[in-house]
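The chain below stands alone and is given in structure tokens; this is the form predicted on its own.
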């Protein structure tokens, strides 16, 4: 299944499948800030958090590490087809938490090859993916990132259901004596903990917020329309002071989350140009605040009886969003470490 394509009115090269892929490789060539705006609009228009997550998993989580650490051959081989939507990439959300979780795949060096064994759960986009970003640990505990094509012998892909975000296809990978050459290594061997994993964490914390901000704005729009059109005791709901306060709280949380997202994305662009990752503190703060805002806004929207059941569905998905990316415990620890200047 190809990722849906969205073309910006002013730039035919801007596509949802590859906004962060350079123009010379067939992508949109957008900045992180512009891509977040695109994903916000997609979330607001689609009104589907799961579909937004599927877009982020391919267009950001699977794409940017390859752009940042891929060899010229890897970039030429994968990125144009990923940007067009012909090939989709997939990543486990359990691999986007930095060093907080140990890899569930083992890597053993064998002459000029690598042998991978293990399983990876919670892989977003797995059933339709052409290839996967897999992080594995060798016997010494050092981690290496690999690009594993779907047709690689020893790789099995099992579709799995999810109680949340059902419009994002989920799966489990099993690698059984999966033999890979050095050309499958993404970045420096045994250096994923310093290269790919920190980047994945920052990407997850920043970009997965963008579709949710669009969904929150859609919910706010529904709630405002309901307040204007529905009546209670012969008067519009908009005349109720409690309804007005709820709408004000929803609007404030949407705007605060959007402002934090735009700041983090802008820093990401500066970091990309200077060769450094974006601020861990600001990325984690953005995700932590947005997750709380999503739960609050979706609950308020459900209470205000927004139309078409979007609020109830989004509120269920919000709990899943809050638990991924390491959850509040990991994110708060990251922020605290930055505040205390612990490195």
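Positions refer to the first chain, counted from 1. All of these numbers come straight from a predicted model, not from anything done at the bench.
What comes next is about the form predicted together with a further copy of the same chain, which does not appear here.
- Comparing 78-86, 239-247, 111-119, 208-216 against a further copy of the same chain in the predicted complex, the single stretch with non-hydrogen atoms within 4.5 angstroms of it is 239-247.
- Taking non-hydrogen atoms only, residue 101 approaches a further copy of the same chain to within 4.5 angstroms in the predicted complex.
- a further copy of the same chain is not shown here, but in the predicted complex it comes within 4.5 Å of a heavy atom of residue 315.
- Interface residue remark: residue 319 is counted as part of the site for a further copy of the same chain in the predicted complex, having a heavy atom within 4.5 Å.
- In the predicted complex, none of the heavy atoms of residue 310 sits within 4.5 Å of a heavy atom of a further copy of the same chain.
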